[in-house]
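Quick heads-up: it's one chain on its own, the form predicted on its own, in structure tokens.
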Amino acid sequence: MAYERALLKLSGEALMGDKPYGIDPAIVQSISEDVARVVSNGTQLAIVVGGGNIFRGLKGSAAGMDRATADYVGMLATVMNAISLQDGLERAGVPTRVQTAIEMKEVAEPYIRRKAIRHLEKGRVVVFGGGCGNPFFTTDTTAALRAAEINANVVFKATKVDGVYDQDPKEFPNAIRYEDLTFQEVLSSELGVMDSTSIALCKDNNIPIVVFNLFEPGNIAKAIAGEKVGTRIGNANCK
């Protein structure tokens, strides 16, 4: 089952590759080329990108910054990533629009739901930057929110691991990977793959989540084609 319209959630950390900070152009181009193959097959794709490779609001507030101020700085970091991703996508031949929740019309469109949907219908990738425009919400929650708003069939959470585990596989070699989970299982077990607000939002709107390894070649295309990749999270009646 291929998905007609999907939302891909990329962490900011994914864009820095092996670098300690910032953006690795080679990683951006690799992701862009994978996305280009997906879009060429007819899938309508939107992307939400985080900003943790540049600035993370929670770390800023932990260091003494006002939490709301720190979160706004983090939102601006996501816009830098969104524009960088747009550049990579367009160099890969994919028409792309960046929409931001915080208006900055010189570099991006403001987020307008109906306009975003129209871009998708015309075969353009839409990259959502600026989070949801409000502090105290993560970009995971933004991904769930935007997916519901644009009527996406699925949320893809691209990570550095190949699915959801019962504990951190980097620290615990005997960690068990799940193939399928319900939203309730994720919430009750506090598995931490995404924050509880985003999980609840997807649960309420019956939008499945697929968690997979971004850095396995071809995984984006396999996931969107409906192949068994990573861990699938859904309601009990659609597992």
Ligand code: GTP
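Numbering starts at 1 and follows the sequence shown. Just so we're clear, the structure is a prediction, and the values are computed from it rather than from any experiment.
Although it is not shown, the form predicted in complex with ligand GTP is what the next lines describe.
Residues within 4.5 angstroms of ligand GTP in the predicted bound form, judged by any non-hydrogen atom, belong to 101-109 and to none of the other stretches in 129-137, 157-165, 69-77, 101-109. When ligand GTP is considered in the predicted bound form, residue 146 lies well away from it, no heavy atom lying within 4.5 Å. Not displayed here, ligand GTP is kept clear of residue 114 by more than 4.5 Å at the level of heavy atoms in the predicted bound form. Of the heavy atoms in residue 91, none are within 4.5 Å of ligand GTP in the predicted bound form.
Shown without its partner, the chain has 124 as the single residue in segment 124-151 with a non-hydrogen atom within 4.5 angstroms of ligand GTP in the predicted bound form.
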